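Just the one chain here, laid out as structure tokens, in the form predicted alone.
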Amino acid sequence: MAVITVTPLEGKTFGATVTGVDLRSLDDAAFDRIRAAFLEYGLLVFPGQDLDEKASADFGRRFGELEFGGQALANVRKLKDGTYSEVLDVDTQLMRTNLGNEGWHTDSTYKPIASKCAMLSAVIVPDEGGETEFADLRAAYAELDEATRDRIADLSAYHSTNFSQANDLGDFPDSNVEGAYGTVYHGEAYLRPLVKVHPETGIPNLFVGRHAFGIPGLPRAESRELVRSLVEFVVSDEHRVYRQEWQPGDTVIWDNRFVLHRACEYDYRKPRYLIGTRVAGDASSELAYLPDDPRAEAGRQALAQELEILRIEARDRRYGATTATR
């Protein structure tokens, strides 16, 4: 029987590489070892797993109910015969969304229930660029000065992908569409604390990223500056940031409750195909509120006001304050 080896990432405050395991055939003891390492390190790198869509989803289910499993996160489509389509145009909504993911974020904070964890498995990677970076929100909070901790202790921010796409790219997706985009760009904004206590470890961490905006009680300029400065602080120390240089077959899983991530740019004319699986958070700790909750209306109003301003401010960004037509 192979021996599972967990090796902390050198010079980093989080993360580990795991070898001696096949993610497609884990017994309970092996999974318990992996789950313990996941809670300790927040980011696990499994080289050479070669997971397909089904195996990705099956492994994700070990951690909980899936938001989605074995989904292509790519600039090409996999065809029925196993080949791949031509590279998609960067002006499609799919590619606009992919480019948006190049900003630091945690997954699904823009939904009523934020994600517990997520996983990527590399199939096709460009010869240059296209890495994924991760950052440690737990270590960052531990290293904040006392004045900043006191300032943010009771503050929260709204989270919305309609906001982040407009703010970062000048992309204004249609909020009235059906299908996958309707679950992402839905016009709601969910209020979440800037400081999160991890529900399983009890350790506090920052909880900010590109989706966060509109801190209640602060003027818009002050809110924007505070969110920006906190994200910049998280990623300012190389010990808190890890870059995954993908090789085909690699799998990485991370804890969305205290790890930021972002995609890195590459030549978008070249194919990149990763398989993604995302695990839903537990409602007891990750639920903000549901759309029919009276609190939701304040989020909608905050988002609408912010988007009205960004319609003007974001005209100089990549997509010029436009909506994709395909």
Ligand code: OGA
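A residue's number is simply how far along the shown sequence it sits, counting from 1. The shown structure was predicted, so the numbers you read here are calculated from the model rather than taken from an experiment.
Keep in mind that the form predicted together with the named molecule is missing from the display, and what follows is about it.
- With the partner omitted here, the residue from 111, 116, 105, 196 that has a non-hydrogen atom within 4.5 angstroms of the named molecule in the predicted bound form is 105.
- Between the options 236, 92, 183, 101, the residue in contact with the named molecule in the predicted bound form by a heavy atom within 4.5 angstroms is 101.
- In summary, the region of this chain contacting the named molecule in the predicted bound form, judged by heavy atoms within 4.5 Å and restricted to 279-287, 255-263, 296-304, 59-67, corresponds to 255-263.
- Not displayed here, the named molecule is kept clear of residue 251 by more than 4.5 Å at the level of heavy atoms in the predicted bound form.
- When the named molecule is considered in the predicted bound form, residue 131 lines it closely, a heavy atom lying within 4.5 Å.
- Contact annotation: residue 139 falls outside 4.5 Å of the named molecule in the predicted bound form, judged by heavy atom distances.
- Using a 4.5 angstroms threshold between heavy atoms, residue 120 counts as touching the named molecule in the predicted bound form.
- Counting a residue when any of its non-hydrogen atoms is within 4.5 Å of the named molecule in the predicted bound form, the one hit in 61-93 is 73.
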